[in-house]
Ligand SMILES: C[S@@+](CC[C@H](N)C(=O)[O-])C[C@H]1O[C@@H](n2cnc3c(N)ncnc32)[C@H](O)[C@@H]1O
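Heads up, the chain below is alone and in the form predicted on its own; it's given as structure tokens.
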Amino acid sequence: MRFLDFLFPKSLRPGRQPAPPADEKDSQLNVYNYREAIKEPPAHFSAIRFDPNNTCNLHCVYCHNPRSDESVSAQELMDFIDSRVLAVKHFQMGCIMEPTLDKRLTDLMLAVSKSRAKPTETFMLQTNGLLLNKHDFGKMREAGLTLLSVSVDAAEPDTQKELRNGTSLDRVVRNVRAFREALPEVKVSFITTVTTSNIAKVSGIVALGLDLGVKQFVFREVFYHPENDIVDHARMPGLLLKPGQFQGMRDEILGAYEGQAEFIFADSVSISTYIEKIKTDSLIPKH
């Protein structure tokens, strides 16, 4: 499973196969499930996506996730690793929340790197990039970080703020540039949620990323669960794409940039299916 499969596995991408072995788990670990997770029998993991904290410094219009001040302690993380983890291919710091808000971030990364959860293939940090500069890049290198994934929804500030309330595109760009200078060996990816507000502007995201040395781009179609009590219901219906729009955007990007970078395109149905699978593997209650 390469990085692209880590973010969006082959088994759920059109024309891609095979699925991971049945005895491998693809799981989240966070405040919602760690007390039950450590009671499970030991397992091999294709991926573990770990949220040390349960909050974020942005209010993205399409976010479906509740927040709290809870966190998973370092001891609780190590208890899970010691009692349940046999091996891990891919370990991701940050999944549904923002890990750079946690001052323990790089120390937790080092702890993982010295444990049986040290990933054999990919060690990834998923972030919105605003506070990336507040953490020790040297510790990230020591921990063996191989991939930085940064959420960017537009290459111009107004649309970025419209979709990701509280962000600063200039600060994210500065931080990514500084990271690339400090850790040129670490691969950088942009991940974008595609809505009606930014679908006509995704070419600019690729151009910006290429200028920064980004070689991988993940475009995910926005999804909407009307029964969710967190998401902005007033705005969400207007952000949903019409049939064929996402495919048209995909064709446009590949026509302009294929061969210059690596691309993934994940439609909303496949994303929702995958999220439910992860919840099942992770013993996470459905909200």
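Numbers follow the displayed sequence, beginning with 1. None of these values were measured; they are calculated from a predicted model.
Same protein, other form: the form predicted in complex with the named molecule, not shown, and the subject of what follows.
Exercise. Does E98 reach the named molecule in the predicted bound form if we count a contact as any heavy atom within 4.5 Å?
Worked result: Within the cut-off, so yes.
Problem set entry | Any non-hydrogen atom of H90 within 4.5 angstroms of the named molecule in the predicted bound form | H90: no contact with the named molecule in the predicted bound form.
Exercise. Wondering, does T193 line up within 4.5 Å of the named molecule in the predicted bound form on heavy atoms?
Worked result: Residue-level check for T193: yes, a contact with the named molecule.
Problem set entry | Partner proximity in the predicted bound form: D26 to the named molecule, non-hydrogen atom cutoff 4.5 Å | Close contact is absent here: in the predicted bound form, D26 is far from the named molecule, nothing within 4.5 Å, heavy atoms only.
Exercise. Looking in the predicted bound form, is the named molecule within 4.5 angstroms of a heavy atom from every one of S189, F217 and S270?
Worked result: Zero of three within 4.5 Å in the predicted bound form.
Exercise. Counting only heavy atoms and a 4.5 Å cutoff, which of 257-265, 64-72, 244-252, 40-48 contacts the named molecule in the predicted bound form?
Worked result: In short, 64-72.
Exercise. For 116-143: residues with a non-hydrogen atom within 4.5 angstroms of the named molecule in the predicted bound form?
Worked result: Residues within 4.5 Å: Q126, T127, N128.
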